[in-house]
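Only one chain comes next, encoded as structure tokens, the form predicted on its own.
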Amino acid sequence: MFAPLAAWLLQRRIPFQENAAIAPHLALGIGGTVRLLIRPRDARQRLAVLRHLAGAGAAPGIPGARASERSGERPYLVIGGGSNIAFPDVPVQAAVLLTQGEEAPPAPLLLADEGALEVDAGMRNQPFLAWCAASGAGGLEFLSGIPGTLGGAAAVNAGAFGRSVADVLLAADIVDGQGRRRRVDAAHFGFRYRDSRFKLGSEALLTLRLRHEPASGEAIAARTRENLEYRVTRHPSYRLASAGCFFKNPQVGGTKISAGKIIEESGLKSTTLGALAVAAEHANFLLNRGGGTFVDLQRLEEKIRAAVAARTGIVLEREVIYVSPDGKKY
């Protein structure tokens, strides 16, 4: 199933590995091997791979994993920064494309006609905010401290400080399930709280068009630092292996409440299970202290969910994406 793809990649000198470890490419560091790990050097190679795979019948997804559900077709997954996804301990029979290539993504473009900018979906959030400060593009500082790429942030509708990607996204260039490059508007995303059609969907993001507000570089940099400092003082160290907030904040009586707070009030802060632990700084962060397994992650998730449900009646919903052995995300 994967031999023709490997030959196609080899012929075009697109870097790839067979039976490669996936954990080093994931923020949580949990996962076994994948059948093919593809790392295009640049945006041009990435587009070629996406179009080839989609044209072959598989279905791409951002930020991590959707395989075609039709039998006999080759599953593949697309990963941005790998910040909110975990793979099983067993080998995954799928090709995984990493958007982080050897070359840096092209610089964003300011579009003077509509107060917008265009950015490659593979660009990481923090370098992007540095560019915003240098270019006077404000209103995007809420991304400060959110790990991963702009494409991943858009796919999961990431946000903080009362704003999310849905508030600033105008349009995007995508590769659809038939391998066609298309421009879509914000309505195509179907944004919901920490979700969009791209999170578990069959289309891949190439570039994003975002609304910005003119501001001084000093003001943008100051807000970015302030937001980052707020997160750093309340979250576990970014040097620790974590997928960020593990559960969505539940809505009770029309009001969102902190999942971390109700997990802490359920007596689970600092709980450990194998190499995994509930963070002492913020109970909605699960940490991999080294050698954590997917099986233990699932066990800890269920322990937390059961304890919270027993105490409050609230059923927590997982924010982190899981991947099945046959390459489907759920």
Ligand SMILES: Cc1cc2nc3c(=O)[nH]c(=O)nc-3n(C[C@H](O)[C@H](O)[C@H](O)COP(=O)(O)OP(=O)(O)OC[C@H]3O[C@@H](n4cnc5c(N)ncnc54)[C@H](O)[C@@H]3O)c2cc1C
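Residue indices: 1-based, along the sequence shown. Note that the structure is predicted; figures quoted are calculated from it, not measured.
Here the subject shifts to the form predicted together with the ligand, a form of this protein not shown in this document.
Interface membership of K328, defined by any non-hydrogen atom within 4.5 Å of the ligand in the model of the complex, is ruled out. Shown alone here, G136 lies farther than 4.5 Å from the ligand in the model of the complex, counting heavy atoms only. Shown alone here, K248 lies farther than 4.5 Å from the ligand in the model of the complex, counting heavy atoms only. The closest heavy atom approach of L169 to the ligand in the model of the complex falls outside 4.5 Å. Contact annotation for the candidate site: F16, P88 and A94 all lie away from the ligand in the model of the complex (no heavy atom within 4.5 Å). For the candidate set G260, G177, P147, G101, a heavy atom within 4.5 Å of the ligand in the model of the complex is found for exactly one residue, namely P147. Judged by heavy atoms within 4.5 Å of the ligand in the model of the complex, the contact stretch among the candidates 180 to 188, 219 to 227, 128 to 136, 80 to 88 is 80 to 88. Of all the residues from 152 to 175, those having a non-hydrogen atom no more than 4.5 Å from the ligand in the model of the complex are G152, A153, A155, V156, A158, G159, A160.
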